[in-house]
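Okay, here we've got a single chain as C-alpha cells, the form predicted alone, with questions on binding and movement later.
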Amino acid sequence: MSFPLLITLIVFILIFLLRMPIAIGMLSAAACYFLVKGGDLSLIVNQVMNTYYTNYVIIAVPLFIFTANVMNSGKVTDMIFKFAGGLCGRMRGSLGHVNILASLIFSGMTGSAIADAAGLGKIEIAAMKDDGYDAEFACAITAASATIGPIFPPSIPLVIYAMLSSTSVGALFMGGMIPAILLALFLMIYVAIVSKKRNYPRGERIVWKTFLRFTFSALPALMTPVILLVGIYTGVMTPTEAGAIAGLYAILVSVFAYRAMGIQDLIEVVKTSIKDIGATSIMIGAAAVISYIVAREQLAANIGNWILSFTASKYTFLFLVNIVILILGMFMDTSTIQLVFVPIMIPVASALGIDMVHFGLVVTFNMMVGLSTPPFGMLLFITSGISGTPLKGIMREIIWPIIVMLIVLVIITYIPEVTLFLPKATGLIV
C-alpha cells in the first residue's frame, strides 16, 4: 500500500470514528490523498462533475426519492394498509401479515426501506399495539418487512448499483421480484408461528362488499408499480423517465384521487426531498472521487489478485462477501458500504464469472439485512422513535426475523436462478 493511500485510509477511519458525515469524510480523505501525492485538488471537482454528467441513470435516484416522499405525505399509506388488511381477513396474527403485505405493495412505489418504515410503519405499529400485539414485536416485524422495499422494483440501491457496475436497471429490477416475494413469504411463515405461540388475535372478517370498496379506494395507488414496470419493460420509458412519470403520478393521486395534499403540503415534500437528494448526491459524488483513487492505486486489482491467489471458487468468494457486508452492516450506513466497498468487489466478481445481476441482488439484499441489525440498524432506530418503544426490546425481538432474512440470503446466494430466472425469461439477460 502506497504512503498516500495509507494516509487516505487513516483520515477516513478517524473521521468515521469521530462520527462526522461520511460524505465529508470521503472528500476530506480524498483531499489528503491529492495533497500528499502532490496532485491537483481540482481533480476532485472534475471527478464529481464527470460522475453526474456521464451517468444518466443517476437522475432516477432523486425522482424515486421525491415519489417516496409524496406517497408518504398523503392517504396512500392508509389505503394500502386497509387493502392489505382485506387480503388477510381472519388469519391469526392478521395485522402482522398485513404489515408484510403492505410493505411488499408499498415497495413497488418507493424503493426505499426508510420511507416504508417511517410512513407505513407509523400506521402499522399503532394498529398492532391497539390490537394487543407486543410493541417490540410490532416494531421488529415492521423493520424486517421494510427491507423488502429496496429489493422489489423500483429500488434506489439497485439504481445506484447499476451506475457502479454498468448493469441493466431493468434486469436488476426484474431480478429483485422473486427474492422480495420469497422474503415476504418467509416472514409471513415466521409471523404465523409466533402468532400461534403467543395467541395473537385474528383479523376482522371482511365482507366481499367492503373488500371491493378497499380495493377501489387503493386502486389509484396500486397502479403506480404497474405503470412503472410496464413502462420500463415495454421499452416505452427508461428507468429515469419512469421515475419522472412516477413522481408526477404520485402528485396527481395525492391531490386529485385522495385530496390529501395541498400547495403547502407539496412545498414541504419538495423541501424534504431536496434535503434527502442533497445528502444522497454528495455521497455519490464523494464516492466517485474515492473510486478514482482506488482505480489509480490499482487497489481493486490488487485485492482481486489476492483473493484469486487462494480461491478460484465464486461460491467461496460470495461467502466471504456476505460475511464482510454483514459485519460492516452492523456498524456502517448502507450507502457507505455500497459506494465505497462494493465497487472494489465488482471486478473480482466479474473475474470469477459471477453474473452482475445476481451479484447486485446478493449485495443489496445483504445490505438491507444490515438496516435491521443491531447495534446501529437504522430501521430499529426509526421504529423505536415513531412508536416510543425502548430500543433494547426491539433488538431482542429482531433476532429471529434477521435469521429468516439470512436464510433467504443463503438461498439467493447459492441458487442464482432465484434472481436470474425472470431476467432470462424476459430476455433482459442471456
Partner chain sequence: MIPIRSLRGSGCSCINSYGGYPLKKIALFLRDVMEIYIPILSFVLLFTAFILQVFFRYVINHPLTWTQDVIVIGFCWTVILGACYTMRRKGHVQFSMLYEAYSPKVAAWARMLGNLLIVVTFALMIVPSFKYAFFLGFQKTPVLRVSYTWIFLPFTYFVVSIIGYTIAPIVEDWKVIRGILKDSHDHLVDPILGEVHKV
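Bear in mind the structure is a predicted one, so any value in this text is a computation, not a measurement. Positions refer to the first chain, counted from 1.
The discussion below concerns the form predicted in complex with the partner chain, not included here.
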Candidate stretches 178-186, 280-288, 115-123, 343-351 - the one whose heavy atoms come within 4.5 Å of the partner chain in the model of the complex: 280-288
Distance check, Gly170 to the partner chain in the model of the complex, heavy atom within 4.5 Å: no
Proximity of Ser217 to the partner chain in the model of the complex, heavy atoms at 4.5 Å: no
Distance check, Lys275 to the partner chain in the model of the complex, heavy atom within 4.5 Å: yes
Contact of Ile403 with the partner chain in the model of the complex (heavy atom, 4.5 Å): no
The partner chain in the model of the complex reached by all of Tyr190, Val194 and Thr210, non-hydrogen atom within 4.5 Å: no
Listed residue that, although the partner chain is not shown, lies within 4.5 Å of it in the model of the complex (heavy atoms), from Met223, Ala295, Leu248, Val324: Leu248
Answer option from Met91, Ala257, Ala244, Met261, heavy atom within 4.5 Å of the partner chain in the model of the complex: Ala244
Within 384-408, the residues that have a heavy atom no more than 4.5 Å from the partner chain in the model of the complex: Ser384, Gly385, Gly388, Thr389, Pro390, Leu391
